[in-house]
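Consider the single chain below, provided in C-alpha cells and representing the form predicted alone.
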Amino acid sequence: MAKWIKIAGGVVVVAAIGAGGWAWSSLNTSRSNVADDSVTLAEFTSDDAEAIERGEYVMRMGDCAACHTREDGEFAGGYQIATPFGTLVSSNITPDAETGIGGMTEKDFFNAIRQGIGQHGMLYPAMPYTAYAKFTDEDMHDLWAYMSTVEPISNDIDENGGMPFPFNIRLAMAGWDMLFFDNEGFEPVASESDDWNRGKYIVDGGGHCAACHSPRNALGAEVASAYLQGGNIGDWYAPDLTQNPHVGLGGSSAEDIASYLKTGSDGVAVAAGPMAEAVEHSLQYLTDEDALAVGTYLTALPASDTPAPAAASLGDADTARLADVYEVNCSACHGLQGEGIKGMVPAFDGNHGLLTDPTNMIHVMLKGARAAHSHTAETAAGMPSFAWKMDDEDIAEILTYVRNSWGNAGEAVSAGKVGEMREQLGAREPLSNPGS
C-alpha cells in the first residue's frame, strides 16, 4: 500500500511540475520587459513621426479597425463577434482613461497584444493574440506610438456580457493558453529567402490568416495539422490557402495573390463578406513588396491532401433547364461562359473557391454581397439577394449547375443546406406564386 502511495505521490509531483512548466511557458510575460511601465497611454505623447507612421502600418497589418470600429467611433469598439461559446463584443481601444485603454502602460499594452492578458483579465482568442505574439518589439513600440495619437472616445463596453456561464470566466483562458498558446516571437528561417520570411511574418503575425483559414477544434483552437486548409467562420467559409490544385491556391502566382490582397480580386475571384472587410481595412494598405511577400510565402506552402471534389450528376434535361435559369438570372453579370467581369464580378470558370464548402455561395444567394471597396477598385460591385425569388430547391439547383459547368466539378448543393442557412441568416422567404 505504501508503495502505491509513493507511486501516486510521484505522479502528482511530476504532473505538478509539468503543469507548472506549461503555465510558465504560456503565461511568462518577460518579453514585455522591453516596454515602459511608468507612463499610461492617456499620458504618453510621441514626437517621432516616423514611428507613428510605422505604427499605423502595423495597425493596418493587424486589421485592428475591422473589429474595433463601429458606429460609436474609430477604435471605440462595439463589434459583436459570434462564437460557438457566446457573443463577444470588441473593446474600446482608444486612449480614453475610463472606458478605453488609456490607463494601460506600454508594458500592459504589450501583455495584452502579444499575450492576451488584458486590463480586465485574460482575453479570448477571438482577439488574435495567438498570432500577434509574433510581432517584433520594434513593431510593438511603433504601434504603441500610433495608438497614442488616436482620439479618446468614452464608450463603456461589456466585452463578455454575451458569454454564458462558464465561458464568461476569463481565468479559464489561462488553462486554454496552457494547452494551445505558443508564447514565442517570430523566428526567421535561415534557409528561406527574405521575401518568404517577411511573408510568413505577415501571414502568421499581423495578418493572422490562420484565425479564419484554419479549422478549429472543439475548444476553439486552430488545428495546427490543417494549417491554412480552410475553416468555417460562422456564416462564411474561409477557403484553403495551400497549393491544393482543386480547392486551394494551386495555379495562382505570387503576383495573383498580391493583386487579390491589394484590390480584392485576382481577376477571377472577388473578395466578399469578412474578406472584403479585411481588404478594405487592412490588406489594401500593404506595400507592394509586402503583398508580394505574402504571395511568395503562400505559393511555397505544400498542398493540402483534400481530394478533387466529385462531380454532381446532372442529366441532359436538367442541365439544359438550368442553363436557361442561369442565363436569365446570372449571365448579365457573371457572363454566358462564366467569365465574370474582371476585378468586379467573380468568374465561375476556373474559380476553385466555388468547388469546396458551398457556404459562401449559399450565403450570397440568400443575403447578397458586396465586393471590397479599395483605393484601386473604388466601384464595389454588389450582388442582390435572390431569397425572395428562389426557394431552397431553386437555389440548390442553380448552385449545383454553376459548380458543374465550364470545366468545374463539385458536389451537389442540397436544398436542406440552403434551408438551414435561410433560417440561420434570417433571410426572407420566397414570394408565393399566386398561379401555383
Partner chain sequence: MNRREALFSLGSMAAAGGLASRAGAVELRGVPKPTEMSADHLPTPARTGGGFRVLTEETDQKTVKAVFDRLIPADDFGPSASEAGCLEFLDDQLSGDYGAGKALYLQTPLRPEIEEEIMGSPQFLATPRERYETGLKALEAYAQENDQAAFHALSPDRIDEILTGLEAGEISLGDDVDGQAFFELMLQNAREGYLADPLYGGNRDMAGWKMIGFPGARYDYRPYVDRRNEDLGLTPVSLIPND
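Positions refer to the first chain, counted from 1. All of these numbers come straight from a predicted model, not from anything done at the bench.
What comes next is about the form predicted together with its partner chain, which does not appear here.
Have a look at 386-394, 406-414, 44-52, 26-34 and name the one stretch with heavy atoms inside 4.5 Å of its partner chain in the model of the complex.
That would be stretch 386-394.
Which residue, Leu366, Leu241, Val294, Val279, is the contact with its partner chain in the model of the complex, using a 4.5 Å heavy atom cutoff?
Spelling it out, the residue with a heavy atom inside the cut-off is Leu366.
Using a 4.5 Å heavy atom cut-off, which residue among Tyr227, Tyr237, Tyr285, Phe181 comes into contact with its partner chain in the model of the complex?
Only one option qualifies, and that one is Tyr285.
According to a 4.5 angstroms non-hydrogen atom cut-off, is Val328 in contact with its partner chain in the model of the complex?
Yes, contact at 4.5 Å.
Test of understanding: in the model of the complex, would Ala332 fall inside 4.5 Å of its partner chain by heavy atoms?
The answer is yes: Ala332 has a heavy atom within 4.5 Å of its partner chain.
Does any part of Leu336 reach within 4.5 Å of its partner chain in the model of the complex? Heavy atoms only, please.
Yes, Leu336 sits close enough to its partner chain in the model of the complex that at least one of its heavy atoms falls within 4.5 Å.
Determine whether any heavy atom of Ala380 comes within 4.5 Å of a heavy atom of its partner chain in the model of the complex, and answer yes or no.
Yes, Ala380 lies within 4.5 Å of its partner chain in the model of the complex.
Pick out the residues of 296-326 whose heavy atoms come within 4.5 Å of its partner chain in the model of the complex.
Residue within 4.5 Å: Asp324, and no other.
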